[in-house]
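Single chain ahead, written as structure tokens, the form predicted on its own.
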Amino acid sequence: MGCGTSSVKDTRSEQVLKAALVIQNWYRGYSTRLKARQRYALTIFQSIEYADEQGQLQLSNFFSFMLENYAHIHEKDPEIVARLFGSTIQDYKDRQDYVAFVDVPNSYNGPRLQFPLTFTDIDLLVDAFKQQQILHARYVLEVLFETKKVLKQMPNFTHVKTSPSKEITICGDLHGKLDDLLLIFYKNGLPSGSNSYIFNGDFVDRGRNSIEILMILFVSFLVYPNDLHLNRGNHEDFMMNLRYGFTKEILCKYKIHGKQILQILEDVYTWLPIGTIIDNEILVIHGGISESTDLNLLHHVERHKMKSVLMPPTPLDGDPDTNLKKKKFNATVLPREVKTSTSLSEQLTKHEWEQVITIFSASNYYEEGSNRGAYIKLSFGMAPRFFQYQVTRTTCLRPLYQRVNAIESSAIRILRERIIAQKTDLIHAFQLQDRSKSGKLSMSQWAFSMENILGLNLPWRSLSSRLVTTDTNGDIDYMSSFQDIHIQKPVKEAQSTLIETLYRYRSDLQIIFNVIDSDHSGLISVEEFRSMWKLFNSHYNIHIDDFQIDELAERMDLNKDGSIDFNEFLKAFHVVHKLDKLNKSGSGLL
């Protein structure tokens, strides 16, 4: 009996072990598949973001092209030239012209700042913004004017020193994510004379609380100008703000005085330092260093003439072909550490680097759960220490599969919008491959066509199950690439090619027309629209007939007064997803 019992126990133990191994193998495979899906989703986000950066370069080239080919613009409207190319016709109005006529009513229950500012004002702002209060426009304007006054006295590069007893904290992009900034302060303490910070640009855009972040950073800078250091990023730029949301945020939160705030902000941006040098060994700069970077040039460049990173400064009476690319900045955060003990200027010439570190401080950048944020702490003679964090809406993170589903759905949605914007070109590419006119392509043919037209360098085979319908033979119904999605037409008579072009370039067009609209009225003349579109058409090599644009301009001029409300018009171009329609129908039944 004893032997039989032992045999049964051994058998059961063996079965339990096998079951555990099966479960373990299944979970490993499941986890690997989830992580692969997450990796593909992040690849989509990153590829589209990189493509947008290339679009910004193309837009920059367009403004140079416009300067060369739109010669009468200076005679017609010199303010446009001043705004685009960094020259100043006359300085902005005096501080009192902005602030004196902005009253704070007794009914205002938000934070009230007292000038000169003290550390209590920092606490006041932080507490108010936690409660989602809005700082009154008068205080915003006063902070901006005070900040500009101090920044104008600063060099292009701020020099700071650390010691074994005094650390400095370096933060990267925040992109309007106030919760990340508040979490950094919670973990690391508020700025003070004994708690120094460097914020390395890109404070604004994308997130919903850019103005709150700016106000906290500027007030902290005014209270501790020797202990809180601000570098300019590529999003401290009025053109970038038009494209990525900060302009819209300002005009929404400050409906009466938003235009004045935006005007002053344009000027404040230009006075932000280019970078910070720590202990004469570590360079903190937004965008990094190219092979042709000359630190001596950057030390002496007139930074206040850099109105936009998309359009470097050009003298009005100078040669428009002057190559100014050496003064441009890129779009990432790259604190760099020097290898030897020679001067930093020499090191930048020799390109001898020991370590390159990228710091990004906006968690959940693409979607909730997509990434962590981080900051660095440095002290003299010590290795850098890294701290990571992630803002969550609840006390604990959602399960991995829920986070992956959310990230993947968002990524596929954005990718589908890219696909529908190139529908005509994609169909033409598919039909060239489909010689039998069957409406189907092999996986290789479909993937080749997608990459050839979209140029996103994505794993199309792996993504195909989320984008198209495949038959039992593995062939793809290529028209299913456009299923459940279409571009809403504000003008039904317009041709599909024109609609797709306007949708694809709507962000660039909005920036261009907003630059022309220097008074933020939202209106441009029909003639300006035609002239600018023809230049745009020529530079971007877009094949749209002039008569289509003329007809479109006439239809956009709804009240026939010779002006076009282009912002409203461009907003009318949006992608409609089938799921959106279903959700709207479902909500109507509840």
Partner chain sequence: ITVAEFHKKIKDAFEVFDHEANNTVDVREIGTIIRSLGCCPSEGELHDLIAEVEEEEPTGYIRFEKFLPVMTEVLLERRYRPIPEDILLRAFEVLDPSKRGFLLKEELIKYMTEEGEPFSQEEMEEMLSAAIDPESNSVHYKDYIAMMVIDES
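Residue numbers count along the first chain shown, from 1. In this text, all values refer to a predicted model and were calculated from it rather than measured experimentally.
Keep in mind the form predicted in complex with the partner chain is missing from the figure; the text below concerns it.
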property	result
Distance check, L34 to the partner chain in the predicted bound form, heavy atom within 4.5 Å	yes
Partner contact for F221 in the predicted bound form: the partner chain, 4.5 angstroms, heavy atom	no
Close approach of F547 to the partner chain in the predicted bound form, 4.5 Å, heavy atom	no
Exercise: F65 in contact with the partner chain in the predicted bound form, heavy atom 4.5 Å	no
Contacting member of S192, T358, N405, Q483, with respect to the partner chain in the predicted bound form [4.5 Å, heavy atom]	N405
Heavy atom within 4.5 Å of the partner chain in the predicted bound form - residue from S525, N61, S538, T43	T43
Candidate stretches 172-180, 118-126, 443-451, 273-281 - the one whose heavy atoms come within 4.5 Å of the partner chain in the predicted bound form	443-451
